[in-house]
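Take a look at this one chain, the form predicted alone, written out in structure tokens.
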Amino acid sequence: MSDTSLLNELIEALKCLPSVGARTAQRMAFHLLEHNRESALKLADILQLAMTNIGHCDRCRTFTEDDICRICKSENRQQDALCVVENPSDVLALEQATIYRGYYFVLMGKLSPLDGIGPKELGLDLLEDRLAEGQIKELILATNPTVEGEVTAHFISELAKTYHVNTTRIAHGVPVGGELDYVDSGTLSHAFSGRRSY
């Protein structure tokens, strides 16, 4: 089957999505063209609007259409708690799965000198401004348990110490319903060293 250049462009454009390779992009393109053109046009319109109108919150750096996001605007949140996460998707996960009702700060990544990502790229100057305001009493570090995530958490905890802000780290360990003999050694080590009284 011969491709038109526009079809080829569509397939290439779909490959920008995570976990979408050439074959998956091709299947998506053919599905949209053969069965779902109306939804594809709606998707194109929404993508255009989202890419044009969604930016970052001036206070926490998560995605929002406004200068200040819905969470940062809320006065019903715990005023003295700030949870630091790597990505906006982490905010959504915590909001859905926990009872935490403080504020957030989104790094949009993690420290990675080899990739050219330092404190400035993570907005740590803005985080420092938040800490300097004196309202934050607990800084909760919820970065991922990777080497870069741990380094980032350590760097931020040292920053918080200069402002006498209590810093806590979310626990990492055995998942609910998990069996010890199936858990990797790094996770098991973290869980064991982070044990608490019962």
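Quick caveat: nothing in here was measured; it's all calculated off a predicted structure. Numbering starts at 1 and follows the sequence shown.
Omitted from view is the form predicted in complex with another copy of the chain, to which the following refers.
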property: Proximity of Q78 to another copy of the chain in the predicted bound form, heavy atoms at 4.5 Å; result: no
property: Heavy atom of E65 within 4.5 Å of another copy of the chain in the predicted bound form; result: yes
property: Partner proximity in the predicted bound form: D184 to another copy of the chain, non-hydrogen atom cutoff 4.5 Å; result: no
property: Distance check, I170 to another copy of the chain in the predicted bound form, heavy atom within 4.5 Å; result: no
property: Within 4.5 Å of another copy of the chain in the predicted bound form, all of H31, S39 and A50 (non-hydrogen atom); result: yes
property: Partner-proximal stretch of 143 to 151, 126 to 134, 50 to 58, 161 to 169 relative to another copy of the chain in the predicted bound form, 4.5 angstroms, heavy atom; result: 50 to 58
property: Neighbours of another copy of the chain in the predicted bound form among 8 to 43 [non-hydrogen atom within 4.5 angstroms]; result: E9, L10, A13, L14, C16, L17, P18, S19, V20, Q26, R27, M28, F30, H31, L32, L33, E34, N36, R37, S39, A40, L41, L43
